[in-house]
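Okay, so here's just one chain, in structure tokens, the form predicted on its own.
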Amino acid sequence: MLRLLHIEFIKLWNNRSSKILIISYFVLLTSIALVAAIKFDIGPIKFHLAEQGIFNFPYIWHFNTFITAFFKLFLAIVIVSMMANEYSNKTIKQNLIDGLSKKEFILSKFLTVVSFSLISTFFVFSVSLILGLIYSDYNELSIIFSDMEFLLAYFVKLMGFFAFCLFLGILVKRSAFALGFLILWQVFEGFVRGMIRWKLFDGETTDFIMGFFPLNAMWKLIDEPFTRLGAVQSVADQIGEKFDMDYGVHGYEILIVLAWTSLFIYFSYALLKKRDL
């Protein structure tokens, strides 16, 4: 397996566009630290974002995994481009001629997906830990390492999304069209959600049904963290509002995304196996 992964990383690193996108992605992950530097000092109004509790343990695990998940599109472009290049450069055919089976080819792509997800998760963990140790008001070990399930959800979310992009790259063969299809699928899920909510069920039932759709299932893994922030809760209390939300990571949501990940990899292999390359 290490041999397959080594082959993929050589291909990616020798591709200038992929290299730039990968580096940009990790620079963006690191740039979340710049949020700590945001300050407003206008007369009597003094505002320092880091002092609002966003880097407090264990809240930081929730906040950072939610925010950094938006950057995954950079690696999504790398993955669909990786497949497009295999077809356009005919390296896929050459790999098979050289003795690589179609199963090993898909395995090498899946290992790349898992590697990107693992490295990203470790990167977010490291940046969050450093920021938390610097800015958090709570530094007890039991608090620091609580709510770590958000990192697991982040890993599963990335792996599912990248597996979907891999499938689209194999299905469409062109990176621009694959990304276009990804956007169309997002629109489709939004349309289905609207129709179900309008014609059939209430909001709670609609959310339950949509939780089985791939992109919605990935989105639901990590709920928005902003209404969980103490400052937001205080403002809500003052105006008579109350946020009654379940922010936790649930096992059944992880299982749904893992099931979709398995299906995307299987469909990718079935599609490749069926095609005459």
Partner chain sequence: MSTILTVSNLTKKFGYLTAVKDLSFTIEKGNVYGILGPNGSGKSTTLGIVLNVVNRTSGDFSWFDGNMSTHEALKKVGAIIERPNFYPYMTAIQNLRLVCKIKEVPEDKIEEKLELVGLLNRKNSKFRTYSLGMKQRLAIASALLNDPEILILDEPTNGLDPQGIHQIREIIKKVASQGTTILLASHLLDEVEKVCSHVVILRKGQKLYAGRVDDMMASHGFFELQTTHTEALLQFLKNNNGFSKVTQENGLITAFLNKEMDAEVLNRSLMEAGIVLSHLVKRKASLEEQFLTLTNSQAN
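Residue numbers count along the first chain shown, from 1. What you see is a predicted model; the values in this text were computed from it and never measured.
Keep in mind the form predicted in complex with the partner chain is missing from the figure; the text below concerns it.
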query: Sole residue of Q186, S126, S146, S101 within 4.5 Å of the partner chain in the model of the complex, by heavy atom; finding: S101
query: Heavy atom contact within 4.5 Å of the partner chain in the model of the complex, the stretch among 86 to 94, 166 to 174, 153 to 161, 71 to 79; finding: 86 to 94
query: Contact at R3, I10 and N15 by the partner chain in the model of the complex, all three, heavy atom at most 4.5 Å; finding: yes
